[in-house]
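To begin, one chain is listed below as structure tokens, in the form predicted alone.
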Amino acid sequence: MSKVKNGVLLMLLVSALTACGNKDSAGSDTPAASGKAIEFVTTQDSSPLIINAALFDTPAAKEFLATGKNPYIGNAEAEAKGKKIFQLYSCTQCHGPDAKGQVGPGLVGPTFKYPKDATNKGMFETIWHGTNGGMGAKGVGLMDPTDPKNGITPDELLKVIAWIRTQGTVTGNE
């Protein structure tokens, strides 16, 4: 009888430990808890795009890295900051003050020059690493290779994308 009890207790303990291993500090199952992250690709040729995970240094950026969803969508404060960043980096010169296009293509959809930009992950990749069509990389360390601190951070880029999404009907988190 004690062997049966010990066996049942051992099974319960193993089950409990296994369940604990799949939870993050908040107790929820997430890709980040298992160490997984989305994989980025370049817009130019879909080759792997390696971005240092340490650059994703805010809770929102970490959530995006784990899920590909932009947590700033619908956050008015973040969207307002995104508009300022869009203006600061002179995005308005090519894409217009409302991101609907000027010299460069519109960014609001529903049709996109690069169809992957309908998703927040795709738009992130396009802006971070640049395009074949003339837009240079904007990501930190890429915008000006001589200055590794120059460029937009992942958190700033997510805010810009959140603001861009307010200008059209595509949220990118679908």
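Superpose the two forms; the largest set of C-alphas matching within 1.5 Å is the rigid core. None of these values were measured; they are calculated from a predicted model. When you see a residue number, it is the position in the sequence shown, counting from 1.
Here the subject shifts to the form predicted in complex with a small molecule, a form of this protein not shown in this document.
Enquirer: Non-hydrogen atoms within 4.5 angstroms of the small molecule in the predicted complex: do 56, 60 and 70 all have one?
Expert: Result no, not one residue of the spot touches the small molecule.
Enquirer: Residue 135 versus the small molecule, in the predicted complex: is there a non-hydrogen atom within 4.5 Å?
Expert: Contact check for residue 135: yes, within 4.5 Å of the small molecule in the predicted complex.
Enquirer: Under a 4.5 Å heavy atom criterion, is residue 126 part of the interface with the small molecule in the predicted complex?
Expert: Result yes; residue 126 sits at the interface with the small molecule in the predicted complex.
Enquirer: So, residue 91 and the small molecule: in the predicted complex, are they within 4.5 Å at any heavy atom pair?
Expert: Yes, residue 91 is a contact residue.
Enquirer: Might residue 81 be said to contact the small molecule in the predicted complex, defining contact as any heavy atom within 4.5 Å?
Expert: The answer is no: residue 81 has no heavy atom within 4.5 Å of the small molecule.
Enquirer: Given a core-based superposition, decide whether the C-alpha of residue 45 shifts by 2 Å or more between the shown form and the other one.
Expert: Result for residue 45: no, shift under 2 Å.
Enquirer: Given that the CA-CA distance for residue 147 and residue 53 shifts by 3 Å or more in the predicted complex, does it become closer or farther?
Expert: Result: farther.
Enquirer: Where do residue 51 and residue 149 end up in the predicted complex, Cα atoms closer or farther than shown, with a change of 3 Å or more?
Expert: More distant in the predicted complex, by 3 Å or more.
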